[in-house]
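Form predicted on its own, single chain, as C-alpha cells, below.
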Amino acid sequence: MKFGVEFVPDTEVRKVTEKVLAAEESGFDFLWITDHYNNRNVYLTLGDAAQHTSEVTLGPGVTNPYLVHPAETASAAATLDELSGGRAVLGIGAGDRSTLAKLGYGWEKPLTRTREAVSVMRRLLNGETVDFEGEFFELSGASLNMEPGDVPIYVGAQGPNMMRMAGRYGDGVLMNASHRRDFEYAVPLIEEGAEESGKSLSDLDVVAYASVSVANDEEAAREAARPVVAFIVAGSPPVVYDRHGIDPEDAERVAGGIGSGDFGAAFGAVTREMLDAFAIYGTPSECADRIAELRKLGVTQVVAGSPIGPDKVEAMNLIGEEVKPSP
C-alpha cells in the first residue's frame, strides 16, 4: 500500500512547499496538487515542490482536457519529470462541470475527450511523433523537443464507463471515494477495462482519493471532516446515497444549505452515515482499520485529501508513524 497526500495551492507557493516538505519527511510516497484556475498555478507549484524534495512522486491531481490541450499538458509533465529527476506523475480527469461553465466551456462527451487526451499524451510522452485525428483533438507530426521519461498517467474516474476506460488506458485510477462499498462496485469495472487492453488489475495503481481526517482525538477528527463531507454530499447523485443507505431528505438538507450559502446549517445536517460513507476519519488505529479494508478490495494507494486532520502537519506525522503500514 502506497500513501499520497493532496494539497490545494490556495496560499502562497512557499507555504504549500512547507507542507510538501512535511509530507516527504513523514514518508508519503505521492504528492498531488489540485488544478483549479482560481488557485496558484499547478505546474509552478509542482516545480517549486520538485526543487525542494528528493524522493516523493509528484503531479497534478487532477488536470483536465478542456482548458489545456493535451500536447501542452504532456510538455508540462515531461518538464516536471526532468526538473524532479524522474519523479513526475500525471493525473487527468474530465474536469468539474460547474467550474468549466464559469469559464464558458461545455462538458460535451467527457469520456471521449478524456480518452483522446490520454492517448495523445501517452504517445507524446513515449517520444513518438504523433499523427492523430479524433473527435476533439487533431495532431499532425507533433512531438516533444525533449526526451521524456516514463511518466505514469492516472485517470480520475467516477462513473462506470470512465472506470472501465481508466482501467484500459491508465497506469493508475484515481477515485474520489473512501468506503469499501464504492470499491466493491468500482474494482470489477476497472479490472474489466484492464483486461480489454491485455493487462491485469495488478498492473494498475488503484487509488482511493479520499477525504481523510486523522487525530488522536476521534471527535476532533470527525468534526474536521464534517465541512468536507457536506460538500461531497451536495455533489453526489442519488445512486450514491442508495449505495450507502443515506436518507435523500437528509442529503437534501445538506445540499440546500450549501446551495443557499448557509454553511452552518449544511455542516450541522451532516449525519454519521454521511461521515462514514465519505471520509476516513478518527484515531490512527481507526483509520488504519478502514484502510486495511480497502487494501483487501484491491486499493493500492490511499491519498489523504482535505482536511487531512485538524492540524495538517500533526496528521501527516500520525499517518507516517501510525497509519502507514510497514513494507
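So that there is no doubt, residue numbering starts at 1 and follows the sequence shown. This is a predicted model, so every value here is computed, not measured.
Another form exists, predicted together with ligand F42; not displayed. Remarks below refer to it.
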item: Pro110, Gly159 and Tyr209 all contacting ligand F42 in the predicted complex, non-hydrogen atom within 4.5 Å; value: yes
item: Which of 95-103, 82-90, 69-77, 251-259 sits within 4.5 Å of ligand F42 in the predicted complex, heavy atom basis; value: 95-103
item: Cys287, Val62, Ala279, Val299 - the one with a heavy atom within 4.5 Å of ligand F42 in the predicted complex; value: Val62
item: Among the candidates Val233, Ala224, Leu174, Ala194, the residue which, in the predicted complex, approaches ligand F42 to within 4.5 Å (heavy atoms); value: Leu174
item: Heavy atom of Ser26 within 4.5 Å of ligand F42 in the predicted complex; value: no
item: Any non-hydrogen atom of His36 within 4.5 angstroms of ligand F42 in the predicted complex; value: yes
